[in-house]
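Take a look at this single chain, the form predicted alone, given in C-alpha cells.
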Amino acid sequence: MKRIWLTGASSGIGAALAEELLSAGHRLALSARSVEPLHALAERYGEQVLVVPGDLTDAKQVHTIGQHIEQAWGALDCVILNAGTCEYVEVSQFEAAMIERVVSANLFSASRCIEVALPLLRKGQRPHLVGVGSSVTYLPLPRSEAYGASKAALRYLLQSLRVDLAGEGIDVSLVSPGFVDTPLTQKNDFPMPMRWPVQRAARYIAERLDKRPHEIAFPTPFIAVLKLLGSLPSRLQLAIGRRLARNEETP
C-alpha cells in the first residue's frame, strides 16, 4: 500500500485515477482547488484519503500542503503531478499573458510540487515521481503554442530529473496521453481522433505505474502517427500543420 500525492484530483484523469488507486488499496493525498469532489472521495474511502486542497500556482499553499502530508504520513512513496490547464492561442490576437497563465499552471505549479515532494520521497519506499504531460509535444499543432510549450518544458524537466535523481533511487515517469474525454477536452472545437473514455485512460495509467516505465503514452496507434509525423522534415510538418489549421476553420 503506497502513500501517493495526486494533484488535479477533482475531475478528469485525476479523479478517475484517484478511483483506480483507492480501489487498489493505496492511500492518497488529494489536491485540487475544488474541494467538494475530494471530500466526496474521503467520505467513501475514509482514512485512505488525505484531503489537501489548494491553488498550486501559489507557492505558500503548496508548502502548506507538503507540511500537512508530512505531519500525517511522514513520507511519500509516489507523487503524480496531474494538475494543469489548456488555453488555445488565436494568433491574430496573440496574448503573452495567456502563455504565462498556461505555463504557470502546467510547469511552474509542477515545479513547486516537486520542491516540496522530493524531501518526502527521499524518506519513502521505492520513491516514484510521475508527471502528466501530453502527446502534443511530439508535433507542433495549430493554436497549441501555450499548451504545447508548457508540456514540452515539463517533458524536459522530468527527463532531466530522471538523470539527476537516478543515483538516489527515485524513478521518474512521464505520462503522455492522447485525447481523453474530460471536462477540459469537451471544450475543444476540433476533431479528436482515437479519443479514450477517462476511465480507460486512468486504468491504463494505473496498471503501468508499478513497472515504472520512462513513459506511459497512449493510445499506441495515435502516438505512433504523431511520432512519425514529428520525425518528418520541418517543411513537411509545416504543410501538415497548415492543412490542420485550414480544416479547423472549415464550418
Ligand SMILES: NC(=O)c1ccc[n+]([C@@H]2O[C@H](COP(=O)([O-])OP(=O)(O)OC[C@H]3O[C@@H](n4cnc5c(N)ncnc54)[C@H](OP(=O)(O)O)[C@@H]3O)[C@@H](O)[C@H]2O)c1
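One rule holds for the numbers: they count along the sequence shown, beginning at 1. Since the model is a prediction, treat every value here as computed from it, not as a measurement.
Another form exists, predicted together with this ligand; not displayed. Remarks below refer to it.
- Although the partner is absent here, residue 55 sits close enough that one of its heavy atoms falls within 4.5 Å of this ligand in the model of the complex.
- In the model of the complex, at least one heavy atom of residue 132 sits within 4.5 Å of this ligand.
- Residue contact with this ligand in the model of the complex: residue 9 places a heavy atom within 4.5 Å of it.
- Looking at residue 32, you'd find a heavy atom of it within 4.5 angstroms of this ligand in the model of the complex.
- Contact with this ligand in the model of the complex, judged as any non-hydrogen atom within 4.5 angstroms, is confined among 78 to 86, 115 to 123, 92 to 100, 159 to 167 to 78 to 86.
- When this ligand is considered in the model of the complex, only one residue from 59, 42, 184, 223 comes within 4.5 Å through any heavy atom, namely 184.
- Residues of 149 to 172 placing a heavy atom within 4.5 Å of this ligand in the model of the complex: 151 alone.
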